[in-house]
Each structure stands twice: as C-alpha cells, then as structure tokens.
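Only one chain is included here, represented as structure tokens and corresponding to the form predicted on its own.
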Amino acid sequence: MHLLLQILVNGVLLGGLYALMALGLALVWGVLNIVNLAHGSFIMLGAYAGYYLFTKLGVDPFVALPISMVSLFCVGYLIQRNILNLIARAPMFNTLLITFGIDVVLTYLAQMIFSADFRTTNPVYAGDNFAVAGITLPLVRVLACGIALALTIALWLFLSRSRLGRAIRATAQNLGAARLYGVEPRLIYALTFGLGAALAGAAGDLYGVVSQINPYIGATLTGKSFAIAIIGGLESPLGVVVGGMFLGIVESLTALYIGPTYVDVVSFGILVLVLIFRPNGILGATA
C-alpha cells in the first residue's frame, strides 16, 4: 500500500509538469486551429536555455524561468508573425506540414549548435528529498510541479480576467464578431503563439532539471503534449491539468507493474481509446 501511494504521488508530480508541457499546445490549437508539431522543439530550446544559463552564468534554473519564457515568447512571436500568419486559417494539413518543417529545422540547428550529447541541469539540491506521512518527495519535482500548476492558474486568470485574454478567447470563439469589436486577428495570433512558446520554454526549463535533454527530445514531448491535450480537451486549462495528472499516474503505474519499456505504449494506447470512445476529451470539451 505504501509503495502504491508513493507511485501515485510520483505520478501526480510528473503529471503537473506534463500539464505545463501541453498547455501551450492546447492554447495554440484552440485559438489558431494549429496543431503545432514544433511544440516539442520549443520545449527542447527552453531546456537548453535553462541548462546554459545555469552552467555558463550560474543562474539557478528556477530563477532562469522568466528568461527562458521571454526568449521563447520572442521566438514564437516571430515565427507566427513572419511565417504562420502567411497561412492563417489555411487547411490544417498545410499548417501541419509547415510546423513539421519548423520542427526539423530547429532540431538540426540545435544539433549543430549544442551537439547530440545528453545533458542535465543539475543544481546542488537536485538530489534533496523530504518526507510527508512516510511518503518521500523529491524537492526538485515538487518545485517543478508547483510552478507548473501556478503557471496554469495564471494562464486561466489571464484568459478569463484580462482584456487581452478575453480578446484571445473571442478570436477563438467567433473571429467575425471579434473583428467587429476592433480585435486585430494577426496580432492576436502572434501573441497567442508566442504565449504558447513561452509556456513551452518554462516547461523545458523545468524538464531539464528532472530529466536528460538532447536535440531529439522534441518529437516525444510533442506526442505526449498532443495526447494530454486530447485527453483533457482544449477549452480549459483545468482539463489540460487533469489530462497531465492522468497520464503521469498511468505512466508511473505502468513502469511499476508492467515495466518502463511499456510506458509510451500504454500512454499512446490510451490516446487511441480516448479518440474512439471519448473524442471530446475526459471533461467533454471540444477537441
């Protein structure tokens, strides 16, 4: 029983980070109708930003979080403004091809610049743990999960309470009506894509602390983000959190009872089942 509780807690902590990874993808998908296949590469770039800020400048990875987010926001804003806005509202297949191309370019640029070596952001407290009711909690994973949930709540408040957030939601729900109220769609698209990239940058910074990174992690992380967005739905950040927690717990239980080799098999098997039996996501949102 104690082992099961420990595994469930580990799954929840992992799920919080997963939710942050998927949040940017779900935001861009829901507003721009773009399934951004380069999303994982943005996470990879955020991880390298955190790694080099820590190893070259001595900036703690949690302190470096805003720098990674601002850097990736600029990358995302420029890509949307100068490339993706040229095909705004084009068929989804076109945007899939273009974002796939961007993913390939970013991956090979990262390989040329950073090399293919595995790296980890490893602060002195990386191995610290503490116990609550007999359950061991890794300090870094608790901090990463807490920040991920805080950013998710901040995004929900931003979208529901701020003027710009309401403009983003209006653009997603009714583009024609949003234009009548003075919303400039191309600017909203660029800001939304930049915001999605910034969230990916934050997720990457935290991912580099809890796992190894290399230029090729993007494809796997895009797949997991896609699965979480489908499971949780696209309309609410809460749904993405539920999807992330669900996937994190399932992966932890799979690693314990079946074997680590089958983690991705089970994760994407669940995605297939959700698409067949619950295509609108666990919370019933539009997918």
Partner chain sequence: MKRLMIGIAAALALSGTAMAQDTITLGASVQETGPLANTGRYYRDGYNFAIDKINEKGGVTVNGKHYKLALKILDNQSDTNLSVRQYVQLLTQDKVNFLLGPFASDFALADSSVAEKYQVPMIEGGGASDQIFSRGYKYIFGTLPAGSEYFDSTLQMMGKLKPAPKSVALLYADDAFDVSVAKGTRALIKAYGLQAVQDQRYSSNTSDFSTLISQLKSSQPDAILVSGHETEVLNFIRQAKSLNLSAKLYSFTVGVPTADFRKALGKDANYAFGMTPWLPSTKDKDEYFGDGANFASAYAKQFGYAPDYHAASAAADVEAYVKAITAANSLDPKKVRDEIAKLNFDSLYGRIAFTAHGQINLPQTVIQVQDGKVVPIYNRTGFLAKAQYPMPAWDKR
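Numbering follows the first chain given and starts at 1. None of the values given here were measured: they were computed from a predicted structure.
Another form, the form predicted together with the partner chain, is not on view; read the next lines as being about it.
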{"query": "Which of 68 to 76, 154 to 162, 193 to 201, 126 to 134 sits within 4.5 Å of the partner chain in the predicted complex, heavy atom basis", "finding": "126 to 134"}
{"query": "is_contact(A144, the partner chain) in the predicted complex, heavy atom dist at most 4.5 Å", "finding": "no"}
{"query": "4.5 Å heavy atom contact, Y181 to the partner chain in the predicted complex", "finding": "no"}
{"query": "Residue contact check: A148 to the partner chain in the predicted complex, 4.5 Å heavy atom", "finding": "no"}
{"query": "Contact test in the predicted complex: A255 vs the partner chain, heavy atoms, 4.5 Å", "finding": "yes"}
{"query": "Within 4.5 Å of the partner chain in the predicted complex: residues from 49 to 88 (heavy atom criterion)", "finding": "none"}
